[in-house]
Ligand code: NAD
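Form predicted alone, single chain, as structure tokens, below.
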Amino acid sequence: MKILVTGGAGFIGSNFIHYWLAKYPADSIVNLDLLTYAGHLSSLSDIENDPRYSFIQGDITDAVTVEKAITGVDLIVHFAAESHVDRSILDPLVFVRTNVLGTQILLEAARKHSVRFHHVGTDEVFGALPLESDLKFTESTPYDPRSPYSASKAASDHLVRAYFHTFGLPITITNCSNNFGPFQDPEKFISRMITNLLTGQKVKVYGDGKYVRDWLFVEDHCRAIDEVVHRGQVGETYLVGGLTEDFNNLEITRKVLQIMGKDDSEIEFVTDRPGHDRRYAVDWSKIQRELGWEPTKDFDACLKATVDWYQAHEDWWKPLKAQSEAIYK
């Protein structure tokens, strides 16, 4: 196959490109990325001369660029999105433009060229769950986005389904929980903690720190997309989650501190952000039942491997660290 990966210089996209080229040596990938603050070609420097890989710098809201990128493509895997909640609070418009308009332009190009379309979504479209409950999101959970980011991603999900129902475009969707791992921008929760400690700063924890997320190691996420692309039912949505829903943010923080030989004196509690969702939890039984996928990576081992990666790759994240600091001041 020839695959167009949008946002392939981002965190999950770059991990996916590495995963796919390693597993499917006969395939080729075109990476379309605007290279905003979250896109880094340094994440792909090891394959930049691979004949199976090519890069186009461009905006998914530019139909001419998309038309160029889609030539000869069999599949689009759509990662490209503005994805940081804090930034969406500061500037909602850019999230609507990229996540809604950009997705529609890609869908229209896919329809014109009869290209299969896989859309990477988020569990945040479902809103929040009570902290003290056993409830989990499922594929049938009503949408209830609570930030400009999640609202724009909800809109993009609806557009993808509309192109399936209206035009018969072959689509699949995965809605994933919070990812972590190598090549994650240092503004995100786990990578920010690690890089703060490596630069002599305290780790900042919102509110009381009791927010709960379902953490998914990025390689497990890539495997899930692989399964859905190859064996998922066209028109269907699959939720993808991890094995860590019992850990709140403060507990995750303490795990990182322990790995790095630090203690609670490194924690700084900061004012909570507006509309902060209390808990997410994902029921991924559908993808397990239908496709045999489940997360295989032990959280503690993956957290240690992630710390080790950032310790070994200061040349990758240090140039990016200053860019993300202003948003937390």
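Remember, predicted model here, so these are calculated numbers, not experimental data. Numbering starts at 1 and follows the sequence shown.
Not pictured, yet referred to below: the form predicted in complex with the ligand.
> Based on heavy atom distances of 4.5 Å or less, which listed stretch (53-61, 259-267, 22-30, 290-298) is in contact with the ligand in the model of the complex?
Flagged stretch: 53-61.
> Identify, from the list I194, C176, I171, V228, the residue with a heavy atom within 4.5 Å of the ligand in the model of the complex.
None of the other options qualify; the answer is C176.
> Sort through I70, C302, L34, I47 and report the residue having a heavy atom within 4.5 Å of the ligand in the model of the complex.
Exactly one residue meets the criterion: L34.
> Although the ligand is absent from this view, report whether T98 comes within 4.5 Å of it in the model of the complex, heavy atoms only.
T98: contacts the ligand in the model of the complex.
> I'd like to know whether T237 contacts the ligand in the model of the complex, with contact meaning heavy atoms within 4.5 angstroms.
So T237 does not count as contacting the ligand.
> Does any heavy atom of K188 come within 4.5 Å of a heavy atom of the ligand in the model of the complex?
Yes.
> Examine A9 and determine whether its closest non-hydrogen atom to the ligand in the model of the complex is within 4.5 angstroms.
Result yes; A9 sits at the interface with the ligand in the model of the complex.
> Could you pull out the residues of 247-262 that have any heavy atom within 4.5 Å of the ligand in the model of the complex?
Heavy-atom contacts within 4.5 Å come from no residue here.
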